Every structure is written in C-alpha cells, then in structure tokens.
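Coming up, as structure tokens: structure 1 and structure 2, two forms of one and the same protein chain.
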Structure 1
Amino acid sequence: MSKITYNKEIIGDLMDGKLDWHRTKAIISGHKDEDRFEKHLEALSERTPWKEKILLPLTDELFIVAKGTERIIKCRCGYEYGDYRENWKLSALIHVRETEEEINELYPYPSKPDPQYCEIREFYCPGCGTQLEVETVPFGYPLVFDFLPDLDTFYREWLKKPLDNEKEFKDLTYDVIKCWAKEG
C-alpha cells in the first residue's frame, strides 16, 4: 500500500476547519499520513505573521519557536512569552470569574460551579486580548502547566531530526515563582 499523504492546502483547510465534511471524514477514518507534522508546520508558517521557525504548535494560538539559541513561546499575534519550559500562563493576563453574574453568564441553569470552591480562570494574551485558555479548577490550585513537551526527545528520537541547542527537559516555572517571592 502506498503511503498516505495530503498536500499542505488540504492540511491547511483541515486545521482551519474549512475542509468539507466528506474529506474530513475520510481523513478521520483513513490511515494516518506519516508526514503530517511537517505539512502541518508548513501550513502554520503561512498563517503566522512572523519569521521565527515553529518547532511545535502548543495551542491554536501559541507556538514554541526557535529564537536565536533559545526556544520561546510566541502568540500568533507576535507577543512573546518566556522559555517554553516555564508555564506560559505566568506571563499572561488573568481574570477570575467570581461574581454570581459572571457565573450565570456561562451557566444559566441550576447546575453551576461555586466560586468559593472553584475558580474559573481566564487567561488573555497581553498582546492581542485573545482568550488563550480557561482553567476550571479547585479554588487555590496552582496554575496548571497543561503540557511541557519533551522537545529534544521528540526531534532526536522520534523524528530523527535533532534540534540544535538541546535543552534539559525540566519545568522551570518554580524558578520564576522564586523570583516573584524575592520581589516581595
């Protein structure tokens, strides 16, 4: 059987949600294309208004990009967050829905979270005001580091294309917090 592959226009339409259902269903049901990641990055680079090379899409708006010898998280709008090993939420804006009115806006029926027990945290990009993530978590829970990719293992061992400037696979979030604490 020949290997399945799709051109980047199809991959682009798929990621944009513009591919018709008939084609989308065929992709869902069929064998997976082995060059998806490469095609996906190609299509993404055409959809981002900056030059840095995308190493990994983290969300539909945030990307890990190579910047010099560093790897940082960048928003589609161009706003730059820190090292990809720090939780990007530390550099975002936050709003917690706390009032009854704000909760009812989302949940008009009898079942709804209790703000004394549950925080609905909205994270906005300081650069463009996009809502990047919503955390619905127990009150007082640390910010959730949703995904810390093991980027060098991925490129070196899985893609067989090692990246320059390897970084230790380590959560650096707590280093930032320590600095905050020192500032008082």
Structure 2
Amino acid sequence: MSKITYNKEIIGDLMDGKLDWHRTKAIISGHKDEDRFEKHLEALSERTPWKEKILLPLTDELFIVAKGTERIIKCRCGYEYGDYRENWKLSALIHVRETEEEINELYPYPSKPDPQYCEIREFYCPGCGTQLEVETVPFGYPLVFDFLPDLDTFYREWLKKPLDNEKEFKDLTYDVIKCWAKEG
C-alpha cells in the first residue's frame, strides 16, 4: 500500500478551507508525510507579508519566528511582541470587561460570567487591531501564559533538525515584570 503525499499547495488549500469535506477528512485522518510540518510552515510563510522564518504557529495570527539569532512572537501583520519565552500578552492591547453592563454586551442571556467574581480580558494586536485571544479569570489573576513550547527539544528530538543558537527553555515573563518594577 503506497502512502499518499500532499504538496505545499494542497496543504495551503486545506489551511484556507478550500477543499471539500471528503478530501479534508482524508488528509487530516490519513498518513502524515514526514515533511508535512515543513510544508505547513512554507504555506503559512506564503500568507505573511514578512520574510522571517516561521518556527511554530501559535494561533491563526501569531507565530514564533527566527529573527537573526533571536526567536520572537510575531503577528501576521508584522507586529513584533518580543522573545517567545515572554508572555506576548504583556505587549498586547487589553480591554477588560468587568461590569455587568460590559459583560452583557457579550452575554445578553442569563448564563454568563458573574462580574462579582471575574473579568473578561480581550487581547488585541497593537499593529493591526485583530483580537487575538479572550480569557475569563478571577479579579487580579495573572495573565495566562497559554503555551511555552520547548522549541529546541521539538526540533532536535521530534523533527531531527536542530535549531541554531539553542535557547534556555525558561519562562522569562517574570523577568520582564521585574524590570518594569525597577523602572517605576
């Protein structure tokens, strides 16, 4: 039985939702080409206006990219958030909904977050204004750091293609906040 492989264009059509359901199902449930991840990254790169190499997509709009020797979070529009080991939300525009009236704009029905116990945070890109994420958390809860991948282990052990300039796998968010405290 031969394995079916898909070219970058088909992977791009899959990402863009251009394939019919039967073809989509066959691709996502079937054998994965050994170079599927690379094809996916190439197709993503063709859909961005910048040239930095995408190392890993985080969301539909946010990517970890190689910029020189650094690895940063970058929005599809080109806005740069900084080191990927820092919570990108620290550099986003944040709209907080914490009153009954503000929450009712999103939830006009009885089953909704209780403004006595929580707030809704909306995160927007300062470059293009795209809403990137929403979190509902108790008041005073720190910004949720959704995903900190160990890029070096992923590339070295899973993809068998080690990255140059290995970086320490460490959450640097606290270091950013500590610098802010010293400046203030």
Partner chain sequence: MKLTKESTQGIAYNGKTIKELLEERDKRTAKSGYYYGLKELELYKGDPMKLELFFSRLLAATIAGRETTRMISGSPQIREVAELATGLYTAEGDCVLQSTGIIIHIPLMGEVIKWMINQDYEHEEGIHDGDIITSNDNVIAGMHPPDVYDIIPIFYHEKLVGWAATVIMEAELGAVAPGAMSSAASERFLDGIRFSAEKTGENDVHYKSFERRVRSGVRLPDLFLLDRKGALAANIKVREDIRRIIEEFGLDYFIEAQRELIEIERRAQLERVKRRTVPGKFHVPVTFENYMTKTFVPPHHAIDQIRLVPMDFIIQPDGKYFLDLDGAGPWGWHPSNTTPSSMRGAMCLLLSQTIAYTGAANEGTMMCVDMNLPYDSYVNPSSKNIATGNLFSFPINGGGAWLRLQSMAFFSRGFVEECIAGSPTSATFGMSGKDHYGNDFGFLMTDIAGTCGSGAFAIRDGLTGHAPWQPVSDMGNVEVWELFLPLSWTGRGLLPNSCGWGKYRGGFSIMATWMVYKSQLLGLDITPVVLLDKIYPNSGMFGGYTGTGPFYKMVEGANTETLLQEKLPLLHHYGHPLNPDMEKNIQGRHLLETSRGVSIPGVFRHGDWLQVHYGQQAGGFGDPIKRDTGLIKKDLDSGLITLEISGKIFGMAASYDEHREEWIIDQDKTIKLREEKKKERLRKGIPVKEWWKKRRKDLLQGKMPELMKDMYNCSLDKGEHWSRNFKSFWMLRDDFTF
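Keep in mind the model is a prediction, meaning the values are calculated, not measured. Start at 1 and count along the sequence of structure 1; that gives the residue numbers used here. Here, rigid core means the biggest group of C-alpha atoms that superpose within 1.5 Å across both forms.
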Output row: form predicted alone located in structure 2
**Study point:** After fitting the core, Glu100 CA displacement of 2 Å or more between the two structures
**Key:** yes
